[in-house]
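First comes one chain, alone, set out as structure tokens in the form predicted alone.
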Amino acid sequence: METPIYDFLKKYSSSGTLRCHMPGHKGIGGELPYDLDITEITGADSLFEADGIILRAEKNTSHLYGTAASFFSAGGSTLCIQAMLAAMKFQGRTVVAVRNVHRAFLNAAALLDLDVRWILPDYTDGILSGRISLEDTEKALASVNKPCLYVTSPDYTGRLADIPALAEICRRYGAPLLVDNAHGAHLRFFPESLHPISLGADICCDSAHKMLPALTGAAFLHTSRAEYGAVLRQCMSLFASTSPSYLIMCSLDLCNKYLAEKISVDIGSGLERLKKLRGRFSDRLFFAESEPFHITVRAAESGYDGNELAALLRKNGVECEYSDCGTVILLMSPVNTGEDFRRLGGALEKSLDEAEKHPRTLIRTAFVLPERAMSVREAVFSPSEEIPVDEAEGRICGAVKVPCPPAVPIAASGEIIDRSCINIFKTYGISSVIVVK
């Protein structure tokens, strides 16, 4: 019998490609350790009733991140997002969210039947990134009873929100601040911590696998408030498999060891290398404002087609995290070596020499919130059909159909798809959408 997944992975593993994409371990490791794959045998503890080895490992995480409590997730940040929002549901809170959420947020909103109030960011990189207006945030929180605020920081391009300012506003309105920090597990270990918990967030999730040496699906859920400890573990158990992967949990345990012993030195070296790389190409490329390990190239502003540049990088031995016509994202992690940066610099140099220059065709997102016709839950669970994007004007968006990456919704479930949405769908190469019948 053929083994297409295994065959692809082995071919990619042996290709020597520089992995400028997640996971953060960058392929450094050996064969799958099947001998370590177990379930909840005697002495192995149980993730959602942890009182033994798992609890000890989680307490190590809590110490490293300076939290009131931290929890392991073998279901990625998706599980953490579901748990954060379920905790808010238990408190009867209205969720105010900045629009450039991951689709996991919308899926959780459907499962929990949440009435989401949106804040539109001032978009700067298509629908992926934008500045969050503090004034709009305060107005939104003031307009509802028992609010909480949900933001994505860093966003997919690496842009950081002003978490201290948002936390101060939230405190004025008694609103917990929830942060999807999936792309920022490493931020705690900068010379000065940029981690949301350090900056005032109440709850946040970290996808350890994105930026740290951990297996895909490994994530942390953190809270700065002790009262959320028990409820968050309970909320995680609502959505998670009853057989969480011990290999993933083991990778989080080993990740703790890396955080305790090596990451500060690696981040210091990485920051220097990243600064030099950006400086080397500052006369040829525009870089988006981002945390340093996200190298987000504004390709269109630089005079290139982002997809073409990504294809040339691939030909020259570098696989990027994401590209569209206007953007290329190269995702590095603290474990990348000086040799990795040397290879990336050489591949960028060669690719830019080979790339065709284009007039600057920037993606400008003239986005207005579509009209809402029904709740997220009602739309997701209504009978639906998939139709071409060009036929979708005036139809109600059903389940969200956007690829991952970047997995940022354009029309949210329950909203009426308008011409602006259709244009944005087409810009991102999405040719069909799911609509309510």
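Bear in mind that the values here come from a model prediction, so they are computed numbers and not experimental data. Note that residue numbering begins at 1 and tracks the sequence as displayed.
The same protein also has a form predicted in complex with a small molecule, omitted here; what follows describes it.
Asker: Looking at heavy atoms inside 4.5 Å, which stretch does the small molecule contact in the model of the complex, given the options 337-345, 196-204, 323-331, 150-158?
Answerer: Correct option: 150-158.
Asker: Could you confirm whether H183 comes within 4.5 Å of the small molecule in the model of the complex, counting heavy atoms only?
Answerer: So H183 counts as contacting the small molecule.
Asker: I'd like to know whether I81 contacts the small molecule in the model of the complex, with contact meaning heavy atoms within 4.5 angstroms.
Answerer: Heavy-atom contact with the small molecule at 4.5 Å: present for I81.
Asker: Is there any non-hydrogen atom of H222 lying within 4.5 Å of the small molecule in the model of the complex?
Answerer: Answer no; every heavy atom of H222 is more than 4.5 Å from the small molecule in the model of the complex.
Asker: Quick check on R188: any heavy atom within 4.5 Å of the small molecule in the model of the complex?
Answerer: No, no contact at 4.5 Å.
Asker: Which one of G76, G229, G303, P292 is close to the small molecule in the model of the complex, taking close to mean a heavy atom within 4.5 Å?
Answerer: It is G76 that has a heavy atom within 4.5 Å of the partner.
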